[in-house]
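Given as structure tokens, the chain that follows is alone and in the form predicted on its own.
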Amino acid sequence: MLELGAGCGVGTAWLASGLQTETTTRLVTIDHDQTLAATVSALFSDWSAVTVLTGDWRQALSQGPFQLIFVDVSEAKNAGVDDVVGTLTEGGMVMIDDLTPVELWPEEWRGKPDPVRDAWLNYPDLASSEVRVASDHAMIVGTKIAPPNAESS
């Protein structure tokens, strides 16, 4: 698993809580803020399956491939779809959170394109859907599929 944007470690804790002690599953998380990354690293110092990195989100991609990627970095949400999907295993899942449901958009947003939604919901190698997770909060969940032109064997 990969978390892009460790922040204060809340998402890291959520992801790590799903790890089984006897599994070989690992969780890599990264944050560009040295103080936050150090804090999260200290929180998970006893968790051998959790690796905390400091730096640009792209640096963590080299640790892949991944079966699950949680994208919580604005730059990765906005311009990283190719890089993120390229690091997913076939059948792997990606989650993009912090989306405002369209019907709750302020007037100045209405009728304008949403590049984040467009990129993730229409990516050819993803089967994606927007999911409402609260009355005022939505996320995109996608599964990597074989490219449309891939030949099956």
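We number the residues from 1 along the sequence you see. These numbers come from a predicted model, not from an experiment.
What comes next is about the form predicted together with a small molecule, which is not displayed.
Spell out, yes or no, whether the shortest heavy atom distance between residue 134 and the small molecule in the model of the complex is within 4.5 Å.
Because no heavy atom of residue 134 falls inside 4.5 Å of the small molecule in the model of the complex, the answer is no.
Is residue 142 a contact residue for the small molecule in the model of the complex, using a 4.5 Å heavy atom cut-off?
The answer is no: residue 142 has no heavy atom within 4.5 Å of the small molecule.
Please determine whether residue 57 contacts the small molecule in the model of the complex, using a 4.5 Å cut-off between heavy atoms.
Output for residue 57 is yes: heavy atoms within 4.5 Å of the small molecule.
Given that the partner is absent here, does residue 36 sit within 4.5 Å of the small molecule in the model of the complex, heavy atoms only?
It does: once the small molecule is placed as it appears in the model of the complex, residue 36 has a heavy atom within 4.5 Å of it.
Tell me whether 7, 11 and 72, taken together, all sit within 4.5 Å of the small molecule in the model of the complex, counting heavy atoms only.
Yes: 7, 11 and 72 each sit within 4.5 Å of the small molecule in the model of the complex.
Which among 100-108, 119-127, 64-72, 81-89 is in contact with the small molecule in the model of the complex, heavy atoms within 4.5 angstroms?
Contact-bearing stretch, as computed: 64-72.
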